[in-house]
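Only one chain comes next, encoded as structure tokens, the form predicted alone.
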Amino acid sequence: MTSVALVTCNMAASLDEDMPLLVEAFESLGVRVATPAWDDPAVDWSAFDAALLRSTWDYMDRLEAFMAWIDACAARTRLFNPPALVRRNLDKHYLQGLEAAGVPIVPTHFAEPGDDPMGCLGPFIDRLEGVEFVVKPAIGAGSRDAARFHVEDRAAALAHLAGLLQAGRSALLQPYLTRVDVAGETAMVHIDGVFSHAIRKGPLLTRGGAGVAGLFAPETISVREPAADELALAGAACRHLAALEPLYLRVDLIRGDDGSPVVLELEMTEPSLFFPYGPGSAARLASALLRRIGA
């Protein structure tokens, strides 16, 4: 009997809205399912035919341990997405590769540990066409440590950036694209390279808002029918990664000042896939994984 681990973390056990539907989908296909925490030392990963990363949302607190676990797990079973793809997706420097390939992204400037924070922030603000911007870590999830600032908040933004760099974390400086306040984000889920469904996420960052206290920022979600230009952009992002064969991929888009969509980020590690908003989507992912492992 085929056995699959849907990998989570203890803190996410009651928060992952995708998990019940995915468990049901696998069980309906005759698959034995477990939902172990990634850091449980008692788990024998070789007992599973595949391990599917789902809600390992606490990995940011122990990044080195999580990356070591990725390799250890992949040495004992088939891990999805594969380690090389996960490692690439953990660090938002991948946006540079997208931009170089001609895929439009939110305009992004990177600040690196060892850089002078004011030397990065000052020129960025001077070139800023709008009046608001975002500072966030290059390795981060759930909007944790991401903050929105007005140009008048330079001192607070500088302190936030300096704190990230001093902690050895690369940071992104991006204009805050105000159309998101009305249109929200479009998150487009792809399974085995094929578009599955999309949702609308309401804007997450407020100026001067409190930091994220839990695993992720609260989200306002609804079903969205993507526009033709959003489908085209998400397709271009998928083609850029086609050689790496992601089993699942979420493309998060927002609209720029000119109204055209741009990539905010790609989610290929442990993203919410919003199965409750895409009828049949959990079953599609379960079937796709079984095809990958020949079961």
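From 1 onward, residues are counted along the sequence shown. Everything numeric in this text was worked out from a predicted model, so none of it was measured.
Beyond the structure shown, there is the form predicted together with a small molecule, which is absent from this document and is the topic of what follows.
Novice: Among the candidate stretches 221-229, 78-86, 192-200, 132-140, which one is within 4.5 Å of the small molecule in the predicted bound form when only heavy atoms are counted?
Specialist: Contact-bearing stretch, as computed: 132-140.
Novice: Which one of C120, A162, V106, V103 is close to the small molecule in the predicted bound form, taking close to mean a heavy atom within 4.5 Å?
Specialist: Looking at the other structure, the residue within range turns out to be V106.
Novice: Sort through L177, A74, L158, A183 and report the residue having a heavy atom within 4.5 Å of the small molecule in the predicted bound form.
Specialist: Among L177, A74, L158, A183, a heavy atom within 4.5 Å of the small molecule in the predicted bound form occurs only for L177.
Novice: At the 4.5 Å heavy atom threshold, is A237 in contact with the small molecule in the predicted bound form?
Specialist: So A237 does not count as contacting the small molecule.
Novice: Using a 4.5 Å heavy atom cut-off, state whether I254 contacts the small molecule in the predicted bound form.
Specialist: I254: contacts the small molecule in the predicted bound form.
Novice: Indicate whether L264 is a 4.5 Å heavy atom neighbour of the small molecule in the predicted bound form.
Specialist: Output for L264 is yes: heavy atoms within 4.5 Å of the small molecule.
Novice: Is L98 near the small molecule? Define near as a heavy atom within 4.5 Å, in the predicted bound form.
Specialist: Answer no; every heavy atom of L98 is more than 4.5 Å from the small molecule in the predicted bound form.
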